[in-house]
Ligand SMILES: Nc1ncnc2c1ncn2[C@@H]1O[C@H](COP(=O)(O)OP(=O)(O)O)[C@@H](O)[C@H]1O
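First, one chain by itself: the form predicted on its own, in structure tokens.
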Amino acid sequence: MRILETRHLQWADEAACESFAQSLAARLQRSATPVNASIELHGPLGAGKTSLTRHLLRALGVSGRIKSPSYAVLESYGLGPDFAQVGEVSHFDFYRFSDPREWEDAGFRDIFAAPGLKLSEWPDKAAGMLPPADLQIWLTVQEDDSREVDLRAGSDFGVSLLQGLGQGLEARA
């Protein structure tokens, strides 16, 4: 992936993750055009990929149960009129893929080509099949249970998401 811009953050706790998700939701909501974006979530089991996704979906106005797509691979969420620019959100979890071609066999190419926000956990399990991500979020658990967060923008839209994202959260050198 071509990286246009990076940002590094430290989340001390769950509240910092939630604050980041709210900031990202606000950036998405202010998009000048309908969103057709892909965000990849990287990190080991327990790093907080699904927690971040839940906080983001809540910030985008999703109510009710937000399920992890670990077994279903895909959960989709429609958003209300306040988030019309974002459109539908498709949350993928490719953890159970044993071959990247399963992505093609499942028919996900059409979903990634359609407008909306695509959130992908374990994108490396679909390597070579996914379109380039607009934004990659890399989560690393620290010894004190805080999270080191590396953000990598791979498109102009990804760069626009990074502008002002995570303000107020402790940045690392």
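The numbering used is simple: start at 1 and walk along the sequence shown. The model shown is predicted, which means the values in this text are computed figures rather than measured ones.
A second form of this protein, the form predicted together with the named molecule, is not displayed here; the remarks below concern that form.
For the named molecule in the model of the complex, the listed stretch (142 to 150, 125 to 133, 31 to 39, 103 to 111) containing residues with heavy atoms inside 4.5 Å is 142 to 150. Of the heavy atoms in residue 13, some are within 4.5 Å of the named molecule in the model of the complex. Although the partner is absent from this view, residue 48 contacts the named molecule in the model of the complex, with a non-hydrogen atom inside 4.5 angstroms. Taking non-hydrogen atoms only, residue 21 never approaches the named molecule to within 4.5 angstroms in the model of the complex. At the 4.5 Å threshold, heavy atoms of residue 9 stay clear of the named molecule in the model of the complex, well away from it. Against the named molecule in the model of the complex, the set 61, 75 and 119 makes no contact: no member has a heavy atom within 4.5 Å.
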